[in-house]
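For reference, the chain that follows is the form predicted alone, supplied as structure tokens.
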């Protein structure tokens, strides 16, 4: 059973050592990786996904429960404890949503009965993350970007049930961010977000700061930032409501801004 992941840090693009020697992730942690474009955020989660052992360009090493990960984690996809969800999704077969999930559940659980239950749970989870309900009989390629990311997050959390979930900038695809974090925290997993979104960053337990390919710092949420997160969430909800009204041809009023700005 996985209880922790450790990153033993390496060096940046120009060879400089990183700002911390190690980072320990424990089950239940929600973490953000933040930094400018090109700062090495995606490289960091790639190192985690690949169980880097000092042979990647960064020289980082990843440990599981304080030890090098077993070879089957790299060699056998069925044993891999990490799910990576990116902005780019391609499906090899255009199945209906329920059949796609049922097939995946059958592979994972080896039980058609359990599989049907997992499909229902997964769809319920996904439909709480997106404003566009997912119809089980829809084809996978008919889903919008937000629906697709919501479904993949739910699939990784419930059907795959992987203890580590990496999410690369999925907030740009119409996911309800606060609701997503509320739901994910109910599961004892490690969730690591690569994000530019202040709402996700402030609601995380801590955030890893990237600059020029290096980890420069790890900042833990404090009371003042938690207070800021409430106001940021209110502003974000306001913008979402305004965006929806504009999409449906409605007018905005100044009263909508009162109490928030």
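Numbering follows the first chain given and starts at 1. Because the structure is a prediction, the values reported are computed rather than measured.
Separately, the form predicted in complex with a small molecule exists; it is not shown, and the next lines address it.
Just one listed stretch, out of 198-206, 41-49, 61-69, 216-224, contacts the small molecule in the predicted complex at the 4.5 Å heavy atom level, and that stretch is 41-49. In the predicted complex, at least one heavy atom of residue 57 sits within 4.5 Å of the small molecule. Residue 22 falls outside the set of residues with a heavy atom inside 4.5 Å of the small molecule in the predicted complex. Put simply, residue 245 is far from the small molecule in the predicted complex: not one heavy atom of it is within 4.5 Å. Taking the partner from the other structure, the small molecule in the predicted complex has a heavy atom within 4.5 Å of a heavy atom of residue 13.
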